[in-house]
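Okay, here we've got a single chain as structure tokens, the form predicted on its own, with questions on binding and movement later.
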Amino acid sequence: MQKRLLRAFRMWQRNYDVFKSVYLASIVGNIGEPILYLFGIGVGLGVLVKEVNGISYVQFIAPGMMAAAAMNAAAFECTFGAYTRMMEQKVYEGILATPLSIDDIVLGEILWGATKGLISSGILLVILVAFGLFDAYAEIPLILLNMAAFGIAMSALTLTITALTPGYEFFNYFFTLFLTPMLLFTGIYFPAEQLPKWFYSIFLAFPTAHAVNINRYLFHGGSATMPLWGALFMAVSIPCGIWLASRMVRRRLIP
């Protein structure tokens, strides 16, 4: 396992070296939208929605916006970025001439997608602290751990879809029919209990709802039932997602 992680790190390092030359534009793209939504919706609607569950509206959506930032960054990296490396630039084929295997490449890609998600959510957390929207400093390590786990789960799921995608234009289906509902119906902008239980249960099959529940518990406390279920979901879905992503990428590269 240690050797595999070391080999996967080489794939991660390759992506990091490329990222260093475009990091500013990449970070602005990943973090700009969540910040605009946080203050545009949080402050704008906050004038009309005074409190949600005893806290201000902008404080209510803050933990969900962190999850949204991680989700968007990981999803973009493991769709357009991974597809370009896999199919257009033939990076994977070149790396396979080295001691790295497909499993190593996939794990490295997933860890890199999670890293991008962690960077985006971490920057947003700094902004929340700076504006006085978060002061539970003892919970920061757990929040970042949650975002890292969520980034891995989301990257594995997204890379699986990328391996099945015939071209760039098909990502429109993914972003419109998958990511957008994840933003709207996982409790980021309003309490999930307002949704019909059968409808919300559909979204509990994906990691976003669980990441939001865990973040909100770490931010504001409350019942630990849903966060515990979320932690169990992450523990099970991460190895399954990595395995499935490796299998799909293998089928794509080796018909």
Partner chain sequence: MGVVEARQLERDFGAFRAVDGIAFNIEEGECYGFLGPNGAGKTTTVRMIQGLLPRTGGDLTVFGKDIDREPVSIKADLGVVSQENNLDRDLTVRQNLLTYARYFDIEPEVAQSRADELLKFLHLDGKKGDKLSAISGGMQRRLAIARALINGPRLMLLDEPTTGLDPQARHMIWARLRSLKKQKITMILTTHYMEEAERLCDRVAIMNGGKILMEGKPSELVKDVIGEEVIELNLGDENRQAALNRVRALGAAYEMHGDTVYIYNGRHEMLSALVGIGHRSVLHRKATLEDLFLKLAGRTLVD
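Fair warning: this is a prediction, and the values are worked out from it, not measured in the lab. Residue numbers count along the first chain shown, from 1.
Keep in mind that the form predicted in complex with its partner chain is missing from the display, and what follows is about it.
In the predicted complex, the one of I161, V91, I123, I143 near its partner chain [non-hydrogen atom within 4.5 angstroms]: Result of the distance check: V91.
Partner-contacting position among V129, A136, L96, L184 - heavy atom within 4.5 Å of its partner chain in the predicted complex: Checked against the cut-off, the match is L96.
In the predicted complex, M1 touching its partner chain (heavy atom, 4.5 Å): Outside the cut-off, so no.
Residue-level question: is L118 within 4.5 Å of its partner chain in the predicted complex, judged on heavy atoms? No, L118 is distant from the partner.
Report yes if any heavy atom of L100 sits within 4.5 Å of a heavy atom of its partner chain in the predicted complex; otherwise report no. So L100 counts as contacting its partner chain.
Heavy atom to heavy atom, is C240 within 4.5 Å of its partner chain in the predicted complex? Heavy-atom contact with its partner chain at 4.5 Å: absent for C240.
Hey, of 107 to 115, 161 to 169, 174 to 182, 82 to 90, which bit sits against its partner chain in the predicted complex at 4.5 Å between non-hydrogen atoms? Of the options given, it is 82 to 90.
Give a yes or no on whether each residue among L6, Q13 and I254 has a heavy atom within 4.5 Å of its partner chain in the predicted complex. Checked in the predicted complex: all three residues contact its partner chain.
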